[in-house]
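Presented below, as structure tokens, is a lone chain in the form predicted alone.
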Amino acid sequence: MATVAVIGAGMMGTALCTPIADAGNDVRLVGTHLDAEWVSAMKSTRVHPKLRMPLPDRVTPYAIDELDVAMVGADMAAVGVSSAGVRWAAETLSPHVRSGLPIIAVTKGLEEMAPGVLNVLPDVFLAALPEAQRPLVSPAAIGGPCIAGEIARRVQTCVVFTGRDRASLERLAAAFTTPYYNIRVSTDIVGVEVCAALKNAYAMAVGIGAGLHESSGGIAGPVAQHNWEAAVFAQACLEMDRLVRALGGDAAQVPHLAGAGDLLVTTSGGRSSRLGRLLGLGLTYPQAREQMAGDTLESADTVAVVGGAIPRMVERGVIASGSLPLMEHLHEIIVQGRRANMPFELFFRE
């Protein structure tokens, strides 16, 4: 049994507490400054207001100003903040970082830390630590099918823990595994994390099909926009393959858990596909963003980062011009405010 501190009391951070607790660990769930109302509610009712699920008995909620208390004796740390909060999480945890402390995150995203150079978030986390602390830890991440509401309800899944230190990954996997939370490990951190980030953006693209069908008067059924959706899904996998290779990862991750596996579940439910549906209904991104006020839309953040970096990646010779037409169109939608008009004529070209 271990004591695990989970930083971030949003839906995913809180949901992750369930398998960790079910595996026999004591869990200290620490909300960020944005989670104060949810932490207060959980302290009072032991139910997360948005997940609407009771906390397992082994989970104790803490406010952010109680972090020092929560970290006393913690054997491991997990991070469940948004991509925008990764540097904050590193700076906040910095006083508690010690040699060999396993740290793992469910955060998905990429960051352009230099022109045309995309970095995975564990490396962004590490870079945000004081230089003297960086050799002490090897941040890891979780990829694969992880819808928060299903994790909290103990629905069967398989996930992948990735990082550069296999011993730390094996320790985390052994501590977090349950009969329904099946864990594999991979040291291909770039391949796993690039897929994990891109699937949000591409799930939004697939979700546009549902909105197009609805806007034309269609109803859900066996005959809808499924051909449309499947073609976009396949192009998404092709572009994920190209980007993983370009960034130095193993393209075998694309048909694996963090790639096609997580892309499928994210197109089936979640915020990314809901955003896509609104775009397919004819809304611009600002209009859709207004309708989803309060939701963290990491799909849009990923599009802004990756789509914005494409010209500089082409200049560096990392990718070929025109090789990512779906991502480029998503960037037009999210950043330039255009309405969705999928460029099928550009798909599946060498």
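In this text the structure is predicted, and so the values were computed from the model without any measurement. For every residue, the number given is its place in the sequence shown, counted from 1.
Note that the form predicted together with another copy of the chain isn't included here; everything after this is about it.
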- So, in the model of the complex, is G116 in contact with another copy of the chain at a 4.5 angstroms heavy atom limit? no
- Query: Is A234 a contact residue for another copy of the chain in the model of the complex, using a 4.5 Å heavy atom cut-off?
  - Reply: yes
- Message: Even though the partner isn't displayed, in the model of the complex is L257 close enough to another copy of the chain, meaning a heavy atom within 4.5 Å?
- Response: yes
- Quick one: does A128 come within 4.5 Å of another copy of the chain in the model of the complex, counting heavy atoms only? no
- If you check C158, L136, A167, V72 against another copy of the chain in the model of the complex, which one has a heavy atom within 4.5 Å? C158
- Note on the structure: Among L101, A224, V124, A175, just one has a heavy atom within 4.5 Å of another copy of the chain in the model of the complex, namely A224
- Item | Answer range among 90-98, 257-265, 188-196, 108-116 for contact with another copy of the chain, defined in the model of the complex as heavy atoms within 4.5 Å | 257-265
- Query: Judged by heavy atom distances of 4.5 Å or less, which residues of 158-195 approach another copy of the chain in the model of the complex?
  - Reply: C158, N182, R184
